[in-house]
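One chain is shown next in structure tokens, namely the form predicted alone.
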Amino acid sequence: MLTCAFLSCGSKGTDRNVASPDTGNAVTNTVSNTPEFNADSAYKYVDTQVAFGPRVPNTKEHVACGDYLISQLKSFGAETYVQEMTLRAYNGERLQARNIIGSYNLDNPKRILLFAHWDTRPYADHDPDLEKRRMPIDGADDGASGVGVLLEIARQINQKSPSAGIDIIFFDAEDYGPPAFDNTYYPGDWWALGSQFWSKNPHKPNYKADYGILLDMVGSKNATFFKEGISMRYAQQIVEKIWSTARDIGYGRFFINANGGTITDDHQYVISGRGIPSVDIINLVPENPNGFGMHWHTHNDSMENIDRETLKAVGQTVLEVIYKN
């Protein structure tokens, strides 16, 4: 993602602790038919992606990780589609990219779209070390965390199907926008290239979904998910559903009941191109100069930042939403 303009500050049915929305205290023995999100499993999926190295288009690491994601979705029973595309970057470079899509309950007209980007930033253009700013980042949080959560959700869906049809998309070339150290003006939309392509060329003709949920930077310790501006403008009802669900199951300290920044991100093009109301769950830190965590677009975006509790908060909340749609 590019900009952050702040407006204001499985198993089948299990017994699980659910927090009271009034007191925040745990209410025990509440029966839920929602699968239990496994944070250790999600963490492993994040770590496996990072182990490939930076997943920058036109690199062997990018190809290898893409192949891994395709094989994982297939192993989880998804009907899998791969959009191979050549995209033009801001600097004219041709990017060999792939959108990777896994679908469940194909005949169900009621559909929920879950998505994240799987590529990583080719530049650490906000790194405090000036000599390292032209090097690609690991992208443990910015990229891998959202994909890791969705892989665990796919694993759970394969074990127990929700009532709605689910489509999971890993968008490519989200983070190949102009670097902060380049003062050249490049007219055009150079971020979220994969979702821009898909919005014009969906994997299914006339594809529609009831709503979409984007996961971006959802793995760092003590993350704060404010209500993002474009999400509130086009999908306020879904925002409130997600945030109230998080409070109800004990994750209100992560999902902050306040408006946050307006973000250029994949959901923007899913909304404008396909007319699907979509929500961006993204870690926003209003007290930081860039509006994000201090590891954003730096070499500190490594596995050291990834926290199982945050992965659990996001993953369990999304599961609760899609199983009680």
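Model, not experiment: these values are computed from the prediction. From 1 onward, residues are counted along the sequence shown.
Not on display, but discussed next: the form predicted in complex with a small molecule.
For the options F37, F52, W296, Y43, the one in contact with the small molecule in the predicted complex, meaning a heavy atom within 4.5 Å, is W296. Though the small molecule is absent from this view, in the predicted complex it lies within 4.5 Å of a heavy atom of just one residue from D172, E228, D216, E152, which is D216. The stretch in contact with the small molecule in the predicted complex, judged by heavy atoms within 4.5 Å, is 172-180, chosen from 172-180, 233-241, 71-79, 199-207. At a distance threshold of 4.5 angstroms between non-hydrogen atoms, Y104 is out of contact with the small molecule in the predicted complex. Although the partner is absent from this view, I263 contacts the small molecule in the predicted complex, with a non-hydrogen atom inside 4.5 angstroms. Of the heavy atoms in W191, some are within 4.5 Å of the small molecule in the predicted complex. Contact annotation for Y269: none of its heavy atoms lies within 4.5 Å of the small molecule in the predicted complex.
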